[in-house]
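First comes one chain, alone, set out as structure tokens in the form predicted alone.
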Amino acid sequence: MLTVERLTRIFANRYDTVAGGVREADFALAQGQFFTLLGPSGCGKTTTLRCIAGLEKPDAGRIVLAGRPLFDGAAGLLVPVHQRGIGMVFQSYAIWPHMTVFENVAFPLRVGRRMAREEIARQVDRALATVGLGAYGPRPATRLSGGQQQRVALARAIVHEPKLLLLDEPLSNLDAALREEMRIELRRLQREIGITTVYVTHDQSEALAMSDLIAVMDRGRIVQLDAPRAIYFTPASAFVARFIGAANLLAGVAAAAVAAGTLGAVRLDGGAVIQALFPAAAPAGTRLSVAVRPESITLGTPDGTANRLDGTLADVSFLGATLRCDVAVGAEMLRVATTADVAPAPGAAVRLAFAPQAAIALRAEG
């Protein structure tokens, strides 16, 4: 449905040095997929989205939508924004306050098109009904809540039945409770419409909850492209492990040579030896960061196959459904998420246990 090949757009700052942008991005989306570009501010995710939309001219690469090239750097092809058949929702919604809800949604149908008034009304009514605002057409745009404005912006983006929907952090202006509600609603609408969607966010929980496929970006490059579960439980790098969720990173070295996709021994800097899963082959002595999720660690007596680490409970925080326990293991402070009703008092000696498959041995950065 959407293919992006070696997409590159690099900016230069006032000192004529490289500053930001996207570098050689590659991905392909199937019809109806919900795809998220995820990463910290300045990683290139919005630049990628704007290149797809036609709001930014790439330096190189190729973009193809439903078999039709939209950009080809080698051929000198650049299709204008209004000819791409793409819908987009911006972070600010861009709702015009002097128009009614109906007029806001109808605007794309009246720009550069010759449509009968009855056809415009039919398509606007259908778009508003899809987002649950069927009775809001005559209402002034100034009399809308934040969630309603977001729905109007979405209706305006889909009213002309685009092949692709682009969403640039559309929930960032909402409060926490409404954001959670709209996240579920947005995903439901996307599935109902069946439109291929590219979503930009720096919120990890949004990306994990909504996406079929996630591209994690860092300094202009896609560093991991995978399903949400794989991104979370088998990160490709220490950066991904650190950025997605709250992974504990244990420093150590490979105790012996290990083949890719197998378990191997890691000697931690504190002296303990644990078993971990190696996504990539590593010779003996390779510096490693072992990623372990807080919910993968248990307090108490482990079974015979689990890794074991002894430490001291530093702090306990009540988080509702879980307890967060901070445990000092040598020079490391590990976070443990447990559903236990009670935990030992701070200062108590505790034993941590986690399965070897839950420990991912990644090459240390730098």
Partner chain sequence: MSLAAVNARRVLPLVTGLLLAALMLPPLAMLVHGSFAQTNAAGAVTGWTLHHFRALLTAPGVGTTLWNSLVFSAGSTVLSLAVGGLLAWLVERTNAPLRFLATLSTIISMGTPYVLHVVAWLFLLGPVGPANGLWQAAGGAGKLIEVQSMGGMILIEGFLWSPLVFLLLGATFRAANADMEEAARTSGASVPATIWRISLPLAMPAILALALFVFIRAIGAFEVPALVGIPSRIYVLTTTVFESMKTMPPDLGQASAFAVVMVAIVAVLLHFYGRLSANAEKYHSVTGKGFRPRPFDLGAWRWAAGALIVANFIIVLLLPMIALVWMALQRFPRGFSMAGLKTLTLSNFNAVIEAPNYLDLAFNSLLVAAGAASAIMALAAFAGWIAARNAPGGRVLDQLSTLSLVFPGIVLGVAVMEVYLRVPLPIYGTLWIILIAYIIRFMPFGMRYVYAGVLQLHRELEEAAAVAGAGTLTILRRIVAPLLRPAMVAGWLFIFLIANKELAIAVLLASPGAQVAAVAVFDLWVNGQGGELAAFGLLWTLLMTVVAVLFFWQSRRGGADIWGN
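Predicted, not measured: the structure shown is a model, and the values here were computed from it. Residue numbers count along the first chain shown, from 1.
One more form of this protein should be noted, the form predicted in complex with the partner chain, which is absent from this view; the next part is about it.
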Exactly one residue in Leu55, Ala30, Met333, Ala66 has a non-hydrogen atom within 4.5 Å of the partner chain in the predicted bound form; which is it?
Leu55
The unique member of Arg191, His82, Arg229, Arg117 whose heavy atoms fall within 4.5 Å of the partner chain in the predicted bound form
His82
Does Ile86 make contact with the partner chain in the predicted bound form, using a 4.5 Å heavy atom cut-off?
yes
Would Val111 show up as a contact with the partner chain in the predicted bound form if we use heavy atoms at 4.5 Å?
yes
Please run the contact check for Phe107 against the partner chain in the predicted bound form: heavy atoms, 4.5 angstroms, yes or no?
yes
With heavy atoms only and a cut-off of 4.5 Å, decide whether Ser92 touches the partner chain in the predicted bound form.
yes
Please determine, with the chain shown alone, which of 230-238, 98-106, 286-294, 269-277 has non-hydrogen atoms within 4.5 Å of the partner chain in the predicted bound form.
98-106
